[in-house]
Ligand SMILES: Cc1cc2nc3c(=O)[nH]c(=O)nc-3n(C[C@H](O)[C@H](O)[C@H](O)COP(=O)(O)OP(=O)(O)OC[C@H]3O[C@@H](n4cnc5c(N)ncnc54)[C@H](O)[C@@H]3O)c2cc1C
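The data below hold one chain only, encoded as structure tokens and taken in the form predicted on its own.
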């Protein structure tokens, strides 16, 4: 197979356009072309009136060796790389050792899946409920203001990514094509096949629910075991090595290999790890608001006359501004055609996040507009960032009225430093509800100043971004983990053998794809260690 890159065609090209482009690029006739598949399709919308599609194609031709020799050095033509996944190890026959995975977000699921596929029969522990029960509990907060602290947007099967846009792309380097393994497994679990080739694949919440269930079934069929509502209260560590985990019900599970994929909101577990002497350090994260605009405004600004084209779908954006006070403000987790959701996991606090369905057809676009925070802003204890997050989440709860409504303000009023009293043309999507007022007390003064500086700058990039009626909803605090559980080159904790910190909670991922990739890497490390441990001396 040959791979052709940067094949550009107009948005409205005919079906025969790809074949014609292949023949022209390779200088061959139609009878020499045996077939082709689309590996990737992106778009270039810099010229709104003439949007181009950009393809990467895998092409099968007759007499490939001769053609490659003739085209040697030609840009955009190369042998197709091998992206097939190959397991690094297999469980020794008769082995009774079982690894334990804590957490069933994308990192934990893929760690569990890979370990199961290699024959290690992992035990997978989840403090929350199965994904469908968890969904009912989550809707209970949104519709009835009833919070379940162990079953919500943050905790439960599927992890925080289940209630998101389901974005499946990442900027992490991936020389081993782990991302292809992730996408392939998602398609096996009934994800849309198009995620294998579109440049910015996404799934959406409802589809993710079904996929998570399918992945669980696959792991169980391979000998893995899931235990829901099984919170880990303690980890037994002896002579610097993991020996067992202890559940909240008192049950002890012995293990020498423990994957810690607990997500960025397992604050009580972070405290337990610190108390047990596991090396933990503070790391940067971000704070801010969710902003909502009409999706049509974003579509028109990005695509012009091509807005609404089904190939392009709902438009997204990515913005960043470096402020005079030294802070950076950027858009985070942009959700086209989505909703702002209540994402707290602790009573008496308000946290926002964004979510979209696969269709992305809701009225509003939303994203986080967040400000970078560093450990210098909360000096002292390695866990001080947690207290810092809680302070602003509690403040938002109070400003929202103390009933899980979120505080909100129109952008025009926020920029003019006056409270909002009524909504305009943009109605907020956050449930249970939004209480208008003044958002100035909801974040540190330097963050408020930075966002006020950034919004007009963003308006010059997306006309209407600072429109008066756009709605800000507070607060967004869970952009990433406030800690890092550092690990060595073997993916083990720096000072605790057999403990494998992984994913977002450990500070090694940000989003579904990067977390899943990290889960694969850690599963490989665990498998190699377990094989080595079982080898005869």
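All figures in this text were calculated on a predicted structure; none of them were measured in a lab. Numbering follows the first chain given and starts at 1.
Below, we refer to the form predicted together with the named molecule, which is not included among the displayed structures.
156 is the sole member of 112, 338, 156, 408 with a non-hydrogen atom lying within 4.5 angstroms of the named molecule in the predicted complex. For the options 100, 454, 232, 298, the one in contact with the named molecule in the predicted complex, meaning a heavy atom within 4.5 Å, is 232. Within 4.5 Å of any heavy atom of the named molecule in the predicted complex lies no heavy atom of residue 80. Mapping the unseen interface onto this chain, residue 368 falls outside it, with no heavy atom inside 4.5 Å of the named molecule in the predicted complex.
Interface membership of residue 118, defined by any non-hydrogen atom within 4.5 Å of the named molecule in the predicted complex, is ruled out. For the chain shown alone, residue 333 is a contact residue for the named molecule in the predicted complex, at least one non-hydrogen atom being within 4.5 angstroms.
The candidate stretches are 397 to 405, 80 to 88, 314 to 322, 352 to 360, and the one lying within 4.5 Å of the named molecule in the predicted complex by heavy atoms is 352 to 360. Taken together, the three residues 122, 180 and 215 lack any non-hydrogen atom within 4.5 angstroms of the named molecule in the predicted complex. With contact defined as any non-hydrogen atom lying within 4.5 angstroms of the named molecule in the predicted complex, the contacting residues in 266 to 287 are 266, 269, given in sequence order.
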